[in-house]
Each structure stands twice: as structure tokens, then as C-alpha cells.
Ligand code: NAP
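Next up: a single chain in C-alpha cells, the form predicted alone.
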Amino acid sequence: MPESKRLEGKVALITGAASGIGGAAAELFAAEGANIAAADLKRTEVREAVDRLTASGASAVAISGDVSHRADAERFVQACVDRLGSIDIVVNCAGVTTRYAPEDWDYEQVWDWVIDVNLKGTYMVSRAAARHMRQAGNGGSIVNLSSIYGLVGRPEYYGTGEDPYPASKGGISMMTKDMANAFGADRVRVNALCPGFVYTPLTATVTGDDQWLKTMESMIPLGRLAQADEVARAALFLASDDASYITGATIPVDGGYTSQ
């Protein structure tokens, strides 16, 4: 008999799905039988990503909008339910770093932007999804993307001490635990992954610099950066029934970085 797919018949909403870890998760989850609602701020790119998924035989829809806007976050969840019939899984991959903030913004504008997208956006989507999951009564799995810098501080030569990124990711780690406690009775599991350095478009400005790449590699016991699909496979585990007794966990996917 053919091996059953781990997410057969499930519906997964994935934010930041146009590229990077979100794009890798969308491809992997679709290959494992999930119906995909791919959400991203980049309208053209997310539609192209969905076209690739449907061309491979997957069931997928594209949704565009900004996770930091309450109306968009709630619309993502409602569109997932309306167009695909339910919502069983959420993977919150949408995120930004200060490197991509407009150069003319002052520190407060940068802070608000990073916190709004990374922390508030994860909150808004998770809140809306959890309400649907609890009302439906079938449970569900929410996988948030925190970071190694949601667990530990950055070394002096790599951080400024004034960057909102670690604060946003630390907030996601704690929010994950709090939601897990609140939603557990309804069988809605909430976990977080804490990736280390990963080759994605978000890190391209540093991974493209040979000196910075060597520095990052030297900080990792495994001696290399991760590929996006390696983080996506960890998300697949948490989203699947293989992790049926795991909630409130923050799991490093970092090549050993936080073990030191």
C-alpha cells in the first residue's frame, strides 16, 4: 500500500508564503497532502508561488495583505475557511528585519514596523485562527516562527542592543507559551520554531557578504547555515499528528547555535 501523507486532507494557512521559509513550508505541506492558503504582502509573488503549487497538482489559493493589519489578518483566516472549507494548521512565517526598513525612518518608526509585522502580525493571525479552530471543535496546530534571538541575546559584534528584532521574536516565544496554555483544552496546539541563520531572501544582504558568511558559519557548531526546507520540515513535524502531545514548545532549528 502507498504510504499515507502526513497532512492528507488538512487545510494550512501559511503567511510569508511567497518565498523563504514560508515558501518552503507551502511546498512541503502541499506535497504531504495539505490544501494551502498562501498569504503574503507581495501579491504577484504569492500568486506565482500558488501557480507552481497547483501546477504540481496541489490545491492552493493565494491571498495578499498585511499581517499587521487586523482586517487583513482576519480576512486571511476567513478566506482560508471560505475557499478551502476549514483551517487546521497555521504557520506564521511573515516577518521583517531592520535591514529592510527605509533609510529615512528614525528608530521609533523602525521599532513600530518590526514589532507590528513580526509580533503583532503573528498575534493577529493566531488569534483569528484559534477562534475558528475552537469553534469548529476539531483542534488544530499553530506554528509560530520565533528565532534564536527570541531565546538568547546577540553577541556585541553582531547586535546593536537597540534592534527591535530580538524583542519581537522574544515576544513570539512567550506568546506561544501563553496561547498554548489558553487553547490546550480545545486541542489547539501552539508551538514555535527558533531558526538560526538560514539562506532566505530576508538574509541575502548578509549571506551575500563573504566575510559575514564566514563569521556566521563560525558561530554554528554544524559549521553551516540552514536551508529553508530544513526549517520547513521542523514545521511539518509540529503541524502533524506526530507532534500530537507537544504544545507550548520553543524548538531551536539552529545547527547547535544556542547549545553553546
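Residues carry their position along the shown sequence, with the first being 1. Here the structure is a predicted model, which means the values were calculated and not measured.
One more form of this protein should be noted, the form predicted in complex with the ligand, which is absent from this view; the next part is about it.
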- Task: Answer for G33 alone: is it within 4.5 Å of the ligand in the predicted bound form, judged on heavy atom distances?
- Result: no
- May I ask you to check whether R189 falls inside a 4.5 Å heavy atom distance of the ligand in the predicted bound form? no
- Task: Mark D66 yes when one of its heavy atoms lies within 4.5 Å of a heavy atom of the ligand in the predicted bound form, and no otherwise.
- Result: yes
- Heavy atom of Y123 within 4.5 Å of the ligand in the predicted bound form: no
- Check all three, G20, D40 and C93, heavy atom within 4.5 Å of the ligand in the predicted bound form: yes
- Segment that reaches the ligand in the predicted bound form - one of 163-171, 132-140, 176-184, 79-87, heavy atoms within 4.5 Å: 163-171
- Which of L53, A62, A234, V198 has a heavy atom within 4.5 Å of the ligand in the predicted bound form? V198
- Message: Given a 4.5 Å distance limit between heavy atoms, list every residue of 131-170 close to the ligand in the predicted bound form, or none if there are none.
- Response: L145, S146, S147, Y165, K169
